[in-house]
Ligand code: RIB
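Take a look at this one chain, the form predicted alone, written out in structure tokens.
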């Protein structure tokens, strides 16, 4: 029986990354020590992570007139890009500053990621099959519409509520199976929404404190793998993509969380975003070493 396909409905960005001595304070001007341009966006990062984990991944996305390079890069990294379309709106981009400890601050221009029309969701309605998975986040419009279509088609929906939006999250929550948050987003969600719908699995990542899985029938904690961070950008997306791939493989929650945590740990030891996400062979070797 073939492994379920992962459908990723999400953002595609050009990441402008700057290495700086520290994150600038309001009104402060500092000189960057390094600059790089690469593929990013939470959607693209999660697609690449799931593909590198070994899953079959189809990305549904929008790029601008100048964005064909991003589509080509996604394809080169193992993602099915036939459902990525071009828009008259410029490709989204992110300005990322990374300090000496690996912490970051990010400003996003949504661009084409917020220009979806219902027609771009047609592939989900016609090609997705029962048992497939949909992963999505809050960097596009039409997340709730995509989730509704996925549920109607019999898909499992995994949702990263980031960047956090109370309205977007409230609209998506009734249609999801797994909710993925970091500690800050979990606090924001609790303040904005309160009680979650029954039956949802919630995974909260806590940086150096590991990650928690809470489902109606199981609660577990996955400790962090100690590494020296170089760049934390994309670590959460790496975790999400690997977790989705492990779930598609039918792994247990414990095994899926361990795999995702190891992939995220390896990611923070490398500079960059999508291009820096480790392969499954690298993650398996890392797990074997620890």
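Residue numbers count along the first chain shown, from 1. All values reported here derive from a predicted model rather than from experimental measurement.
Not pictured, yet referred to below: the form predicted together with the ligand.
Though the ligand is absent from this view, in the predicted complex it lies within 4.5 Å of a heavy atom of just one residue from 155, 203, 176, 96, which is 96. Stretch-level contact check against the ligand in the predicted complex with heavy atoms at 4.5 Å: of 127-135, 203-211, 100-108, 188-196, the positive one is 100-108. Contact check for residue 41: a heavy atom falls within 4.5 Å of the ligand in the predicted complex. The closest heavy atom approach of residue 234 to the ligand in the predicted complex falls within 4.5 Å. Residues from 6-20 that approach the ligand in the predicted complex with a non-hydrogen atom closer than or equal to 4.5 Å are 13, 15, in the order they occur in the chain.
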